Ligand SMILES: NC(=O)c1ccc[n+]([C@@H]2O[C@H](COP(=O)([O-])OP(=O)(O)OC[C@H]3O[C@@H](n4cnc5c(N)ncnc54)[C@H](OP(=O)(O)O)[C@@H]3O)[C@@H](O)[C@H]2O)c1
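Okay, so here's just one chain, in structure tokens, the form predicted alone.
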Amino acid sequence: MRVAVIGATGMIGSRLVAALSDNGQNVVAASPSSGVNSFTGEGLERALAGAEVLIDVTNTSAFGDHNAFGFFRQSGTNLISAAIANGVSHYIALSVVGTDRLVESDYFRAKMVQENLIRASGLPFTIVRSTQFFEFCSGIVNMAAEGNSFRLSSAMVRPIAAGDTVSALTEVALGTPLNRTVEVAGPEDFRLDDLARILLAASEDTRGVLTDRTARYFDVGLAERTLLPGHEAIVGKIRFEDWLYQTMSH
């Protein structure tokens, strides 16, 4: 099967290309560095020629990028047009758990637009919403720095190893279109402020964590369960403690 991965050089995209290739699929690794740009449309016809499956793991340069709306709307429009023109039979996109509850944020509002474009396209599709990756948690904590401490919400989170999200995307790619949204999340719940304390302790960072229920998350206020998936979410296998131990020991 020929699979085009759009956004193939990112953290998820590069792992996804490897996973699909290991599974014996004919993978087209498309990214600006290979002359394929979903925002401008450059190279899309070539990348999607003969592709049965398109996996969209594109992203803006920064998670909280205020230009996200323009990027996802234009990129999504271009990808859908090229997918239709080339007879793609399964459009898969990576999104974020809680997107529909976080539209106060520019970024998540943009992700909602991306999802809606796909749903309205007429293409067979599957949208995979993932919780936040273990690999990005330190960055989220650092964004909450205030002098010698960090101010974070006590909202619940269920982060996931990037590798587990890649496994879910691979399984979806090898199956038939679901024409709906599925969620994938890690095996354990944490409070966001407690997760920060774990990360700081692991790195021997003595700065404190201030719990503040009104603290913002990418400019959005959080209710306790805003970032949690539903009961039918696919559950990853890797526990945060095991991932952290492996990461810190390297």
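Residue positions are given as counts along the sequence shown, with the first one as 1. Computed from a predicted model, the values in this text were never measured in an experiment.
The form predicted together with the ligand is left out here; the points below concern that form.
Student: Would all three of 187, 227 and 240 be in contact with the ligand in the predicted bound form, where contact means some heavy atom lies within 4.5 Å?
Tutor: Not a single listed residue reaches the ligand in the predicted bound form, so no.
Student: Exactly one residue in 47, 199, 57, 53 has a non-hydrogen atom within 4.5 Å of the ligand in the predicted bound form; which is it?
Tutor: When the ligand is considered in the predicted bound form, the option within 4.5 Å is 57.
Student: Check each of 96, 155, 82, 161 and return the one that places a heavy atom within 4.5 angstroms of the ligand in the predicted bound form.
Tutor: Spelling it out, the residue with a heavy atom inside the cut-off is 96.
Student: Give a yes/no on whether residue 12 approaches the ligand to within 4.5 Å in the predicted bound form, heavy atoms considered.
Tutor: Heavy-atom contact with the ligand at 4.5 Å: present for residue 12.
Student: Answer with yes or no whether residue 133 is in contact with the ligand in the predicted bound form, where contact means some heavy atom within 4.5 Å.
Tutor: Result yes; residue 133 sits at the interface with the ligand in the predicted bound form.
Student: Classify residue 6 as contacting or not contacting the ligand in the predicted bound form by the rule of any non-hydrogen atom within 4.5 angstroms, answering yes or no.
Tutor: Contact check for residue 6: yes, within 4.5 Å of the ligand in the predicted bound form.
Student: Using 4.5 Å between non-hydrogen atoms, is residue 69 touching the ligand in the predicted bound form?
Tutor: Result no; residue 69 lies far from the ligand in the predicted bound form.
Student: Only one of these stretches, 206-214, 27-35, 219-227, 190-198, has heavy atoms within 4.5 Å of the ligand in the predicted bound form; which one is it?
Tutor: This holds for exactly one stretch, 27-35.
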